[in-house]
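As structure tokens, one chain now follows by itself in the form predicted on its own.
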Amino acid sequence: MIPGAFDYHRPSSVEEAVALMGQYGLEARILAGGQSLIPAMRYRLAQPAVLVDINKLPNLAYLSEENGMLRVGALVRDTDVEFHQDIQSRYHLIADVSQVVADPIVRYRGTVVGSLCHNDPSGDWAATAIAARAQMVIRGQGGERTEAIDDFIVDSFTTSIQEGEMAVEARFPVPNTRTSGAYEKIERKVGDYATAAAAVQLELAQDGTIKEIGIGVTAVALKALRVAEGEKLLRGQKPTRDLIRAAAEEAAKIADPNPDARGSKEYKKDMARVLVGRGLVKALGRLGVKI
């Protein structure tokens, strides 16, 4: 199939892009990487009347640290993250996920911010952003606002972006030397959607207790989920096998996957448990803590 008819605009500034989104409202879609939007248009699952192509906008392909946050501009590709030496050495969770998003061809064009805005319930970046406690920067004609990722992710393929707005940046807290993370994913083949996946990021206090913890799971519900009860079990505690098992069990409790060719509901729930446990053990191991 071929896409339906649409008008095409290539703005020269963020302000012009926002104005176009305000003008056309729900009829318009932002085109960045296009790795989800274009296939959906090809099969007419998405039929926007207007495409606003932001690929030529200046100053949106930045990766920089500022005020304790890693700023990821809207045109940063997955491969920009995957091959960024500093990110690969210091941001363990982000480094992990950057290497397993879809396949190399998709990563070459796909964007981090675009994936978060698309908010596929089996996507990798949403669970990662949840575990890292990321923020999204959204701009509209009324100005700019910043939202915590938990508020940004609303439902399957739905975010808090309002009519006439666009996301311009994702922000991830800069990890200190006592922070590590891990991303664990199972898929049938390279490039397939996850059967289940889990993201973990934790910070150890000087006494060896877990000062802060984030756990996100994806592909096991209608949207990526925070395993809040598992976080509560671990926060302030010295990690043990029993605590890790208990926290991982909380992932299985909240998982509500649909059975499909990738596995049954029971299998996917169990994989959420297994992958959270593996992620916790790997993240701790990277900090020299053996469980």
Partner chain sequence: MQITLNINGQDKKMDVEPRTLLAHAIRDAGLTGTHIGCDSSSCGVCTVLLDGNIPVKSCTMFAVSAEGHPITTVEGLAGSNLHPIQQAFHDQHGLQCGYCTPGMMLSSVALLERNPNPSEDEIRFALSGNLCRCTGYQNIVKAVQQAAQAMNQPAGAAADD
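Positions refer to the first chain, counted from 1. All figures in this text were calculated on a predicted structure; none of them were measured in a lab.
Although not depicted, the form predicted together with the partner chain is the subject of the following passage.
Colleague: Please state whether every one of the three residues 34, 43 and 105 places a non-hydrogen atom within 4.5 angstroms of the partner chain in the predicted bound form.
Modeller: Checking in the predicted bound form: 34, 43 and 105 are all within 4.5 Å of the partner chain.
Colleague: With the partner chain left out of view, which of 57, 254, 233, 51 would have a heavy atom within 4.5 Å of it in the predicted bound form?
Modeller: When the partner chain is considered in the predicted bound form, the option within 4.5 Å is 51.
Colleague: What is the one choice in 99, 160, 146, 176 with a heavy atom within 4.5 Å of the partner chain in the predicted bound form?
Modeller: The option sitting close enough to the partner is 99.
Colleague: Just to confirm, residue 38 within 4.5 Å of the partner chain in the predicted bound form by heavy atoms?
Modeller: Contact check for residue 38: yes, within 4.5 Å of the partner chain in the predicted bound form.
Colleague: Quick one: does residue 4 come within 4.5 Å of the partner chain in the predicted bound form, counting heavy atoms only?
Modeller: Yes, residue 4 sits close enough to the partner chain in the predicted bound form that at least one of its heavy atoms falls within 4.5 Å.
Colleague: Taking the shortest heavy atom distance, is residue 203 within 4.5 Å of the partner chain in the predicted bound form?
Modeller: Residue 203: no, not in contact with the partner chain in the predicted bound form.
Colleague: Applying a 4.5 Å heavy atom distance criterion, does residue 211 contact the partner chain in the predicted bound form?
Modeller: Residue 211: no contact with the partner chain in the predicted bound form.
Colleague: Would you point out which of 118-126, 212-220, 160-168, 185-193 contains residues with a non-hydrogen atom within 4.5 Å of the partner chain in the predicted bound form?
Modeller: Checking each option against the 4.5 Å cut-off leaves 185-193.
Colleague: What residues in 63-90 sit within 4.5 Å of the partner chain in the predicted bound form, counting heavy atoms only?
Modeller: Contacting residues: 82, 83.
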